[in-house]
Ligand SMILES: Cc1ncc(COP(=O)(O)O)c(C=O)c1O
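This document starts with one chain, in the form predicted on its own, laid out as structure tokens.
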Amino acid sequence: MKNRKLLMIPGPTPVLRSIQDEMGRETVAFGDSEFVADFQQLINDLKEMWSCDGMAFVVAASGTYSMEMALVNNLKRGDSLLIVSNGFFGDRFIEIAKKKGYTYDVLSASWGHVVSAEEIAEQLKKKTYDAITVTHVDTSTGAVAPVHEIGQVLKNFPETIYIVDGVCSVAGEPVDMMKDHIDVLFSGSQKAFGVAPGLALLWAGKKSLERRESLPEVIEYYADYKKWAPVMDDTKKYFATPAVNMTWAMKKSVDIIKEEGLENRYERHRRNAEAMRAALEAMGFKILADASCRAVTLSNPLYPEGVDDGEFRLELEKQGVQVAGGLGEYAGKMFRIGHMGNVDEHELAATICAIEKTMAKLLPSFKVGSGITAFLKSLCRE
């Protein structure tokens, strides 16, 4: 009998049966009274839980769509944008900025490190920017940006819209729009929320909504705040057909998060991440991200000498675990493993055992048991 596959990539992440069941419900009209109430509750919960003083948007799309939605509603052609990039997905903002005709500057960190709040403060003193983008967790590096500290800097630059890419952080890493002075936060359903891919999530604070009002009509149709705002205010209204079953699944995810409690969820992610990294290091892997900025939602381990990426990931999949390959200059040099959302200790332990079996097959000198022992010791210290 084949092993059941564990989905341990940085997204999509495993989906609980209770969330899957919501996707399998009989589909109803988007005007159905029960659905309208559930949709409105979801939007209200998202606003409250992440301290949004403006509007939350739930739209059938991907996280990349959220990036574009965040930019086009806060910038017009020729506006100035500061892009803070800590890896592959931070650089994606550059491509979008070029297509939209923004003027932009880029502050970059070497992979595995992050641009500091102090560096950003110095750049903001040199030039006035209409907006700044920061990727909270870049899955190409596994590094987490200091969004709270950056927010404290942005308090002194009220003309600049602070946009945070939270695709791989929201519901896993601590983030709060009010405390962190964030104007736009966005994410997707498939990562730390533990829902299947398909929903773009965006929170726009009052400052962002006011910026949109000041812009001429944006050329984008589907991405325009003004098209979606009436629906998010009153879910009985219509602009484009909502993803009914995905919305139910998202509501179930948020209900699970509310039951667990956000602070407890953050602590669980921290505890599991530390245990997973202890296991990886005990097995001979090195973590790409510097110890000062390691995200809790994923890890990016560099292979020990003698381990081939293709062979490792193929054998690991035979053992029942799927992980992702490295990106950019680290392609073939590391793998990326998610430990976020509703992944529990049992799934993490099974993943480590599968990695151990894989390493033992590829490296005869490998000491079996080192990883799971380190994992258990880390958890038992808590």
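Note that residue numbering follows the sequence shown and begins at 1. Everything numeric in this text was worked out from a predicted model, so none of it was measured.
This protein has a second form, the form predicted in complex with the named molecule, left out of what is shown; the following refers to that one.
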query	finding
A192 within 4.5 Å of the named molecule in the predicted complex, heavy atoms	no
Q319: touches the named molecule in the predicted complex, heavy atom cutoff 4.5 angstroms	no
Interface membership of D165, the named molecule in the predicted complex, 4.5 Å heavy atom rule	yes
T247 within 4.5 Å of the named molecule in the predicted complex, heavy atoms	no
Of Y102, Y129, Y225, F89, the one that lies within 4.5 Å of the named molecule in the predicted complex (heavy atoms)	F89
Contact residue in the predicted complex, chosen from N300, N74, T297, T135 - any heavy atom within 4.5 Å of the named molecule	T135
Residue stretch of 267-275, 102-110, 216-224, 135-143 approaching the named molecule in the predicted complex, non-hydrogen atom distance within 4.5 Å	135-143
Sequence-ordered list of residues in 58-79 near the named molecule in the predicted complex, where near means a heavy atom within 4.5 Å	S62, G63, T64, M67
